[in-house]
Every structure is written in C-alpha cells, then in structure tokens.
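Here you get one chain, nothing else, as structure tokens; it is the form predicted on its own.
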Amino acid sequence: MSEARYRSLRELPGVHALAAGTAMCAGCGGLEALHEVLDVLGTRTVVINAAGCMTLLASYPFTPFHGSWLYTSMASAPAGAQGVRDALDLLRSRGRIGADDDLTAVVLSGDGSAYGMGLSATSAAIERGLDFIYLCYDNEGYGNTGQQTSAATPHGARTPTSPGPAGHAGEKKDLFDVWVAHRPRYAATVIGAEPLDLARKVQRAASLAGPRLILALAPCPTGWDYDPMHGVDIGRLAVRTGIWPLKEYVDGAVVHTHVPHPRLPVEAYLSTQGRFRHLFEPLRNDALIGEIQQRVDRYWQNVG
C-alpha cells in the first residue's frame, strides 16, 4: 500500500486506525478486542508485538496504529517491553520528555506466546514489577500457521495436530491463574463481544501501574471453522455457557464481573464450531460432551 493511499484511509471520517492497511481474516475476534482496547488506551501507547496473527497488521514501514509499534520474536515481547520502559524512564529522568510525552508499554501477544513460548519471559517481567499491560488475544491455537494445538487449546477441540477422533486430549492451561500466582497489580479476562465489561477493565488497568494482564478470548473463524458473521454471537455464547468466565484480580482478590444465570448448556457453544463437529456427527458423543459440561459445572460450583 502506498503512503498516500494509507494516509487517505486514515483520514476518512469514521475510519479507525486499525481499519487501514490490515490483512486480517474477516471476523477476527482478536482484532475486535484490539480495536476496543486501543480505543480506551488512546494514542499514547507503544505496542510491543510478539510474532503472531497481529504482526500481519504491519507492512514495513507502515502500521495501522496511531501510537508506536515494535516487532519482537514470539518469546521475547516482555523483554522488549522492559527495554522500551527503561528507555522511556531514562528519557524522563534526563528531562528529554515530560509526563505528557510518556507512553504506556503494551505487549500484544497470541496464546502461542502467552501460554507457551513467551511464558518464561513474562514470568520474569512480572517478578521484576515491570510497568506494562500484557494483552493476549487467545484464539486457542497457533492461528497464524494453521491452528495447530497450543497450550490454550480446549479439551475435545480438533486441530491439525490433535491425534485421534476425539480431538485434543489435554486441558487448556489457565493463564489467568498463572498470572494471579505471581501477584500482579491487575489481571482480567475479557471478550470483544462484551465491550462494556472490556472497556471498564481496560480503564481500570490503565489507571494502575505495574504488571497488568488483559486476557481476551478471540473467536477465530478460520481456526474454529464458523461463518465470520456469527463471531459476536459465539463470543456471547462463550460467556453465557460459562466456558469463558469474565473476572478480574485486584487487591489480592478474584471477583467475577458476570455470573451467567441461567447458564446455557455447553453444547449451545460447541455446536456452532466446526472444530467440535465430531462431537455431534456422524454420531453424537454424549460422553465427551458431558465431560466438558462437568468441567464447566465444577468451575462454577467452586465459584458459588
């Protein structure tokens, strides 16, 4: 895309910065969440982007972000955020920038990095008390390379690398609890389909200092196999079935910001996606559907 064309897109009334020059899949739930998060944070940000789906937003030397942007390898984004934060603090200490010119360091990561390859660097950054926001768009697989199984893939989901007819035999890692175990300044789960809950949590995170997590479930039309037009409905079903709890950790306590009642059966969510089609056809797998339902029921019983 030419610079003139890029600028013309950015200047169109009502066109958000992230609408210009993007090469994302239609209906991307991660992009939906990123839109909403950056709308709240504003332009005084520097996004440290771990390799993944969202790095496709940039086409050197242009990016669709109004703020600053830095690319890192999949495992290194928190280390990159440390360097950015240190540089900004050094500039402030020398009087070269003032408080009004400071930027918020925002790590942008998919679940491949957040749950797996970059977890060690993230843990170290939290332990150092790094002042940053960690935004993970969790599409529950390595979406940029074919939706292979990741540490975030849910039990029973079929991926190109899950052996056997029953889908992924393992369990989805609980990244929220991993962060809470580190005692960060703040952590929250969100989803783009619930924008008011998301905006409130991002505002709260922005008002604090230290390590802060915004963990967004990111429905993925290509990886989850559904029509992009149904993305928001699927996001809402994730919340209404209790599969994706909306909660936050602040001041040493976890609080659920939404308790679904009545809670829909999990099959209302599972049946919308091709990655779970094997649970319903050619023969219905009541045992595995019931197993997934029991996991969700136990979670909410413990909450209650």
Ligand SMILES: Cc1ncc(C[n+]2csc(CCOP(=O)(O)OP(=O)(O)O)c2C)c(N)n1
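Treat the numbers as computed from the prediction; the structure is a model and nothing was measured. From 1 onward, residues are counted along the sequence shown.
What comes next is about the form predicted in complex with this ligand, which is not displayed.
Contact with this ligand in the predicted bound form, defined as a heavy atom within 4.5 Å, holds for exactly one of 203, 120, 161, 145, namely 145. Proximity to this ligand in the predicted bound form, defined as a heavy atom within 4.5 Å, singles out one entry of 47, 270, 34, 53, which is 53. Among heavy atoms of residue 78, none comes within 4.5 Å of this ligand in the predicted bound form. When this ligand is considered in the predicted bound form, residue 112 lines it closely, a heavy atom lying within 4.5 Å. Contact check for residue 74: a heavy atom falls within 4.5 Å of this ligand in the predicted bound form. For the chain shown alone, residue 179 is not a contact residue for this ligand in the predicted bound form, no non-hydrogen atom being within 4.5 angstroms. Note on the interface: of 187-195, 132-140, 97-105, 83-91, the segment with non-hydrogen atoms within 4.5 angstroms of this ligand in the predicted bound form is 132-140.
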